[in-house]
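Next up: a single chain in structure tokens, the form predicted alone.
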Amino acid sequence: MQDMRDAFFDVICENALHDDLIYLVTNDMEVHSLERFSSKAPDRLINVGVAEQNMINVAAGLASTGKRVVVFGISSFIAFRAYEQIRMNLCSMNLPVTIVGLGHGYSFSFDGPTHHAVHDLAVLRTIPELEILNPGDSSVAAASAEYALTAAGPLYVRVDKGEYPNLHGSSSDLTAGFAVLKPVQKITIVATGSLVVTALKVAQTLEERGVLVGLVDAYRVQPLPVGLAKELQPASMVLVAEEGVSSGGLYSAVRDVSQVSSEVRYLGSGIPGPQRIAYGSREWMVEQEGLDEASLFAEISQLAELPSEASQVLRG
């Protein structure tokens, strides 16, 4: 188990210590993994303060002079406050700047709705030049960092808080854009980010009860791999699970790339309703949205037409 932030920034730090063209820019965020870098190369770790628009402008200026720039801050602030600067100053110029959105979904739950990053995917997917990665474990986070240092254009990486298991082994190849964690079945879950681990637990519990459910980790959200639609062809029902809004998020992306096949029923298991103006633990917030393990288990059980008492087993 490793904190996903450390998995990502350990790679960035190690490379930056040996390459003086790598710069990091932040809006007053601290990351444990960067303490060594900040002590050895303080001139290449730039803190612009609480000024997200200027942060993107500084990154654009550095990148235009040949620097490799990694920008990082809380996801919601970067996506919403600096949208215009990302769209025009980075993406329209196709500059190789990596934007790291820290803490997606309800990971900053107690900080309230200003910090809830449940719309960032939907917002940033409207910028066609922006590639988007959403790791669901520490190994893909580390691979995303390696990729970020060679990406040809602008990149957004959602890096969650907290410890995550390694679900993908030692592979660092992100070429496919997705990984099949459980073979595709008639009922298959396509998950991304924090819900990959949750979906895997649900699939394993159902398997113990004789119900096979497929699971695909979609870690490249934009452009969503066209091969995903072919991979999902054997399914009759696909449940798209994400800790964010379904409209405009991964659910919309999957339906777009699949061209809404009439032979496959697509269901969104994301945040459907109005903004949740609430404070509480992440576990509580996710449960309110029906995205916790017990809720997903019940939803899949209903799709599989299991007896109603079986769908309540995780809540018992």
Partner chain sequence: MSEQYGGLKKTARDIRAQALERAYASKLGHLGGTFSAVELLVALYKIPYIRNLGHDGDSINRDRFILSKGHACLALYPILLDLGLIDSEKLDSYGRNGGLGGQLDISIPGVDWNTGSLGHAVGIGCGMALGVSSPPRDIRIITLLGDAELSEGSVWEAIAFAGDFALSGLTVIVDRNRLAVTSEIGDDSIYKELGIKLDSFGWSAMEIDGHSFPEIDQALSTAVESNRPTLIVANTVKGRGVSFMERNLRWHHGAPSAEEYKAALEDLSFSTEGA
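Positions refer to the first chain, counted from 1. Bear in mind the structure is a predicted one, so any value in this text is a computation, not a measurement.
What follows is about the form predicted in complex with its partner chain, which we do not show.
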Report task. Report whether all of Gly61, Thr65 and Ser92 sit within 4.5 Å of its partner chain in the predicted bound form, measuring from non-hydrogen atoms. Result -> yes
Query raised in the report: Out of Met237, Met88, Val123, Val180, which one falls within 4.5 Å of its partner chain in the predicted bound form, going by heavy atoms?
Result: Met88
Query raised in the report: If you check Gln288, Asn57, Ser38, Ser33 against its partner chain in the predicted bound form, which one has a heavy atom within 4.5 Å?
Result: Asn57
Query raised in the report: Pick from 48 to 56, 263 to 271, 250 to 258, 276 to 284: which stretch has a heavy atom within 4.5 Å of its partner chain in the predicted bound form?
Result: 48 to 56
Query - 4.5 angstroms heavy atom contact with its partner chain in the predicted bound form for Asp173 - result: no
Requested in this report: Please run the contact check for Glu84 against its partner chain in the predicted bound form: heavy atoms, 4.5 angstroms, yes or no?
Outcome: yes
